[in-house]
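The chain that follows stands alone, in the form predicted on its own, written as structure tokens.
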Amino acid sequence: MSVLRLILGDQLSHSISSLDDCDTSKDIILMCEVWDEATYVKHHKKKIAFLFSAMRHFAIELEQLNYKVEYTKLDDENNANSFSGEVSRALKRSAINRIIITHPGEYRVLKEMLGWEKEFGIPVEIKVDNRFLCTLENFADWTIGRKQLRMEYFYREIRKEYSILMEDSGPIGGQWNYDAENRKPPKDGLNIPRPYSNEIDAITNGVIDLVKDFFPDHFGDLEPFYFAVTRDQALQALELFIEKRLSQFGDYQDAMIEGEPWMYHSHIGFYLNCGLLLPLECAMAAENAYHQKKVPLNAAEGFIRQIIGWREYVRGIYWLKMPEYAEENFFEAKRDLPNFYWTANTKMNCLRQSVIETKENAYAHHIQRLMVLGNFTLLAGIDPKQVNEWFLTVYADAYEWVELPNVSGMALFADGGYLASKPYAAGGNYIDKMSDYCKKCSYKVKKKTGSDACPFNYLYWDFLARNRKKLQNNYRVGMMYKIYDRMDDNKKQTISNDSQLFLESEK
């Protein structure tokens, strides 16, 4: 009898726990491209191509290591089009007495797998996902007795546990967080290196053709395709970031420049979230660059905080609060997502640029996601379910465990402050400070109201006015209500009228 070991498309790591103690002489590794996973939201074409190509390359690597791999391609005639269906087919092909899987990244998949013992009549073992630095049990223990689950304190614990950027018993440099040094606006003359780009091979070409045939109506540009699709390539992408971009990442990680979608960011979320890279090796690469005096402390710390702090933290929040977390809607927002999130057909240049770059690359950096795309949906009162579906659809690094807390918790404050201490709402001044988008915009960022005023300006105050009962006691927002209260009634009415006219025109 054999063990069936299922590896999902976001578990492409040779050290994945589902491969532990594998008997390569008889255990079967099952990998499958299934319609259900490609279409539960209509994923960006590049995302599908990236994952299918990475899966096919990974399967070949396993075969070269003498694993017995059964791989179902999307266009295989007998593809059952679901994980359950493909497992059922595998059980009919071979004598299997046990199923082993690594804990999946999404609640809906776990729910499906929890029914397999009853459905198939054999034991199913769900192993801990050992690619993360903090187990779900340890995260849950960390939350006990805490009134607020602030990432900063969780991050410090992970730093200590893995001795990252530490000396003696404290942080190198004397402070834990250099976020205040990571907010420089863009300036003229920045020399932004070219991002990692990989030459496509026959496997990837075949996947690109498949995506063209099967997903022609999905969002996004399929080509040019430049993602790493193997671990070796992903390591090259990491090395390129450390050598060419990390030194400036600390200063300019919040900056946005038209025509520069990649800036100084690492672009390794694609590879971390599907298993081609591991978080500790990424953090250690940045730490080593600091010790070798190649990068300043604020750059190394800022990157490491994202990898071992924020990423691990949002995963913990997701599994701690699901499935209820997906239903959170603190502001009772009901407006539909505007069509320009798909077409980029808007006069707001910041939004147009962010959507265009998302369409082209299946990527936008975190400030575009939070302070442009997310900020607008917050101020406009867009239904959180629609916003979450959009973010999950369009980004190649998006899986629900990382997307949902970032969107519902951080961008939309839909959880009422469980994750963030205040809504990340901002008017046009923030975007003007941190980007050059406003220079070519049809609207005037310095104008507060009127048909040619930046819509972020009046939408900001309208958002605060609409949600006063829910926000006025928030100590980080209260000052803004004092400013609002000093406005005369005519100005308040103009803000409300301008907001309604704009939102009706941008449906």
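In case it trips you up, residue 1 is the first one in the sequence shown, and so on. In this text the structure is predicted, and so the values were computed from the model without any measurement.
Just so you know, the form predicted together with ligand FAD exists too; it's not on screen, but the next bit is about it.
Would I200 count as touching ligand FAD in the predicted complex under a 4.5 Å heavy atom rule?
Judged by the heavy-atom cut-off of 4.5 Å, I200 is well away from ligand FAD in the predicted complex.
Heavy atoms within 4.5 Å of ligand FAD in the predicted complex: does G269 have any?
So G269 counts as contacting ligand FAD.
Using heavy atoms and a 4.5 Å limit, would one call A364 a contact residue for ligand FAD in the predicted complex?
Contact check for A364: yes, within 4.5 Å of ligand FAD in the predicted complex.
Distance check, R311 to ligand FAD in the predicted complex, heavy atom within 4.5 Å:
Taking the distances in the predicted complex, the answer for R311 is yes, it comes within 4.5 Å of ligand FAD.
Where does ligand FAD sit in the predicted complex: which of 221-229, 119-127, 392-400, 167-175, heavy atoms within 4.5 Å?
Within 4.5 Å of the partner lies stretch 392-400.
Tell me, out of I382, M410, I158, A90, which residue has a non-hydrogen atom within 4.5 angstroms of ligand FAD in the predicted complex.
Only one listed residue qualifies here, and that residue is M410.
Name the residue from L378, V295, I307, V207 that puts a heavy atom within 4.5 Å of ligand FAD in the predicted complex.
None of the others qualify; the residue that does is I307.
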